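Next up: just one chain, as structure tokens, the form predicted alone.
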């Protein structure tokens, strides 16, 4: 347990010491939130649009998911940096549990995702955000954000273990981020049509964001929360499985 805790702490500290990793994951989602809230605020008057106080209230769940995607990619780039610098080899040569190498990075992403969600709630509350599910709903959303951040962090770690290149990990990020724009992140599915609605309905992120959004705009919704947590947990399971397989292959090939 000391090994898991030490490597998790190292992952969090490394992330906080890198402004180039922390600032974009905080700044870009907030800038995008400001732009969309201003540009699309009148869309809330469309017939069939969910009853919201503002577009800010509608899209804040998307901002939290965006931040989790941005922040968790650092887990993979940091792992690739450890491989390039030789620290990974020294860690493997030490009597440390192999699973702690992965758990440390994933837990680092989860802690940052949880803290980041609360920071977004604090900032948006200054501009009038009303979360109708209250503090319980915000805590639930933050936990789902942590699960998602851990899952995406694990996926990026798997990619780092396969490539050993921090640049390759960062280069793959836009492909991952595109899934967010092919969902109902910025517009309700009921008002979509054509191929975009079909794609958004097949995208698991749509159901996760909608589940989180319902906690903000309608109040505590157990069904929506379960759907959101289920999608995030599924990503975590797939990501950690892929990372574990990638770690096993790297250890078999190199050691």
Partner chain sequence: MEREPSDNPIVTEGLVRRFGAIEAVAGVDLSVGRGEIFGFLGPNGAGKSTMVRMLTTLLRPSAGRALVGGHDVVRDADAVRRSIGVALQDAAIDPLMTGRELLSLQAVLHGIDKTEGRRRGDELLETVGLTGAAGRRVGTYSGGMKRRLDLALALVHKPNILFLDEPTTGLDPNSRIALWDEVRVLNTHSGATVFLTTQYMEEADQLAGRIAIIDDGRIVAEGTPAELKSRVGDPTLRVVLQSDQDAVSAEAALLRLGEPVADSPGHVSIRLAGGASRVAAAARALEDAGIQIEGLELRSPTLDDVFHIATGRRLEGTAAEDAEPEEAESSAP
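Remember, it's a predicted structure, so these values are computed and weren't measured experimentally. Residue numbers count along the first chain shown, from 1.
Below: the form predicted in complex with its partner chain, not depicted.
Asker: Does any heavy atom of residue 178 come within 4.5 Å of a heavy atom of its partner chain in the model of the complex?
Answerer: Looking in the model of the complex, residue contacts with its partner chain do not include residue 178, since no heavy atom lies within 4.5 Å.
Asker: Would you check, heavy atoms only and a 4.5 Å threshold, whether residue 127 touches its partner chain in the model of the complex?
Answerer: So residue 127 does not count as contacting its partner chain.
Asker: Residue 171 near its partner chain in the model of the complex, any heavy atom under 4.5 Å?
Answerer: Flag for residue 171 set to no.
Asker: Examine residue 85 and determine whether its closest non-hydrogen atom to its partner chain in the model of the complex is within 4.5 angstroms.
Answerer: Yes, residue 85 sits close enough to its partner chain in the model of the complex that at least one of its heavy atoms falls within 4.5 Å.
Asker: Of 111, 123, 182, 96, which residue is found within 4.5 angstroms of its partner chain in the model of the complex when only non-hydrogen atoms are counted?
Answerer: Only one listed residue qualifies here, and that residue is 96.
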